[in-house]
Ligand code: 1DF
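Only one chain comes next, encoded as structure tokens, the form predicted alone.
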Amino acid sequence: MTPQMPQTQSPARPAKVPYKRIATEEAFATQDMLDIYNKIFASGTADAGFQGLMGFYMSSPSERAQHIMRCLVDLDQLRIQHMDESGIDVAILALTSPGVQVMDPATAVSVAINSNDQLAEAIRRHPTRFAGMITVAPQDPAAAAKEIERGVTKLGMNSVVINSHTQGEYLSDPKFWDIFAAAEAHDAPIYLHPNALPPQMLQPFQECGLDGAIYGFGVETGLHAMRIITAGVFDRFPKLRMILGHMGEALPYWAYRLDYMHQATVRSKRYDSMKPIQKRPSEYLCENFYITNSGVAWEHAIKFAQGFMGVDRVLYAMDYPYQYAVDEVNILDNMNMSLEDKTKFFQTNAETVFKL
């Protein structure tokens, strides 16, 4: 029987539950960063993906765009009000995509430091409600590694956010691997979050409206994760941990074919770039990755991922403010799942991964 998607209804405020609800992929923006975005748009140098993503949200009069921009910059009353209304106890905040990754290296490094300082201050104001991810500028891998060290040791944040590609370049390139070394050394998982599609991918998605969160984001971010796996990153950094949102950008559901075709491609010696690695792609997914359900309030998908990766590796996220849906919290509270596993999903896995 084909599983039915959950139907949304008029939301009721989520009830009290015997676990905390910790949302692990919640976006914010600083006004400083948005001002720089406006300068990039005004200069005419923004690529089409960036223009179509933040250029739209920052200029559209639509109710959705206005809601998102209003919520992104609020790190106090409005955000906490929305958390209370949806039953979210703790939000783990990350600088919204594309973060600093569309800037020149020097500006990106400066804005990353400033954004981390502003986030750390918000966490100090609301220590029981917020935790944060460290923003870095991959454009300068050495500076990014230094900022990971500062974020962990000085600011008390224990994870890193990178918004997929950086101006069309991928972390599978060894020139970026100082970032992986720092993340592994400080036991700070990297949340590989979607970005607007790079120019070389954009056209066939954008012309039919599939470039964003509906499909393109997952395709591109899943590609990035696979590039990291097949490049041998986890053979070089075996203790490195990464996080993927949106049910793992579909990779758990492709795992059998990824394993089979990776082995076949290596044997065929078709690509110089495809070398043997120590394990199957699915093993790295299960051993080095965690996934969140951000944007996917679907019990069937969550249970499959728990069965594939283990209940300790699947975490809750809302994807606020891009997806602020109180009814989805009720849907997930009502999953047919043991209290032990539901508590791991909503609370204790996040406490472990993010060292809360």
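The numbering used is simple: start at 1 and walk along the sequence shown. Please read these numbers as outputs of a predicted model, since none were measured by experiment.
Not pictured, yet referred to below: the form predicted together with the ligand.
- For the marked spot (64, 217 and 319), a heavy atom within 4.5 Å of the ligand in the predicted complex is present in each of the three residues.
- Distance criterion of 4.5 Å from any heavy atom to the ligand in the predicted complex singles out 96 from the list 164, 135, 96, 159.
- Distance criterion of 4.5 Å from any heavy atom to the ligand in the predicted complex singles out 54 from the list 329, 33, 315, 54.
- Looking at residue 193, you'd find a heavy atom of it within 4.5 angstroms of the ligand in the predicted complex.
- Proximity of residue 73 to the ligand in the predicted complex falls outside the 4.5 Å heavy atom cutoff.
- For residue 213, a non-hydrogen atom is located within 4.5 Å of the ligand in the predicted complex, even though that partner is not displayed.
- Contact check for residue 246: a non-hydrogen atom falls within 4.5 Å of the ligand in the predicted complex.
- Heavy atoms within 4.5 Å of the ligand in the predicted complex map, among the stretches 304 to 312, 54 to 62, 284 to 292, 41 to 49, onto 54 to 62 alone.
- For the partner-free chain shown, just 25 of 17 to 46 comes within 4.5 angstroms of the ligand in the predicted complex, judged by any non-hydrogen atom.
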